[in-house]
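A single chain, nothing else alongside it, follows as structure tokens in the form predicted on its own.
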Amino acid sequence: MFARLFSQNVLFRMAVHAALWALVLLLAGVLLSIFPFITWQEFTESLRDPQVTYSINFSLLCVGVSTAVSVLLSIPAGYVLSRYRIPLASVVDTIVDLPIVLPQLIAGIALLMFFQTPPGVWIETNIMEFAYSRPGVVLAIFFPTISLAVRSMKAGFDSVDPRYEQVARTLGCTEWQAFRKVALPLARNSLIAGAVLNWAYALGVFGSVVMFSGATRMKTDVIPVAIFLNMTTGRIDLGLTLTIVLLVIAVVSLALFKRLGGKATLA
């Protein structure tokens, strides 16, 4: 009996470990297959190409602005979802989560349609033009990524025991003071990790940018758009160079995310 249970346990462990390593080898093999098709010299030369430098700089600018706005909005939104009971909570949850599960192409179409409505027309007429423009790229990145930011911030606040804030309020703190002096410092690493994850995810947004802002070289070509344009026009070296840049950024971002408390953020 003991021998049979031992052999079954061994077989089970071998099976689940084999599944894990098969997945790891598959993912690593696919990702690493990029590197043999471009030499170091081609990579360094491509990095100096004006189209490549523009798309990298433009991406960092747009993603930086989008992430900053996302953090400013998602911290209070995540705190409310974590700490308060609100009316129609399930409806609010669904609306907040919807952009991240929608195809990015649909997000771009929705933005286009919004700016055909009276409020959208008024915004473009009196404030700023967004459709098929550089500011529109920021909006096209922000829309499908804000849900991830809100969920990350909520998970960060969920990791902090609310009793600490209750104690602070019994000692004379207002809700704002308890939030600022207790909740924010205790959730800091998780919140930063969420911001890093949002920033890294925003760098890869493609569908909504193409649909809402177009794919124009040296204007709206963030890195994913530039990769698409170069790969479809035969500039394989430029496309692979930008692909490697995104891959390196993703690896560094994930490492930073996990170091800062990614497990808590995704809990």
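Keep in mind that this is a model prediction, so the values were computed, not measured. Numbers for residues come from their place in the sequence shown, where the first is 1.
Keep in mind that the form predicted together with another copy of the chain is missing from the display, and what follows is about it.
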| task | Evaluate F43 for contact with another copy of the chain in the model of the complex, applying a 4.5 angstroms cut-off between non-hydrogen atoms, and reply yes or no. | result | no
| Contact of I192 with another copy of the chain in the model of the complex (heavy atom, 4.5 Å) | no
| request: Decide whether P76 counts as a contact residue for another copy of the chain in the model of the complex under a heavy atom distance cut-off of 4.5 Å. | output: yes
| another copy of the chain contact at V52 in the model of the complex, heavy atom, 4.5 Å | no
| Which one of A68, L31, L60, L47 is close to another copy of the chain in the model of the complex, taking close to mean a heavy atom within 4.5 Å? | L31
| message | Just to make sure I understand: among 82 to 120, which residues lie within 4.5 Å of another copy of the chain in the model of the complex, judging by heavy atoms? | response | Y84, I86, P87, V92, D93, T94, I95, V96, D97, L98, P99, I100, V101, L102, P103, L105, I106, I109, A110, L111, M113, F114, Q116, T117
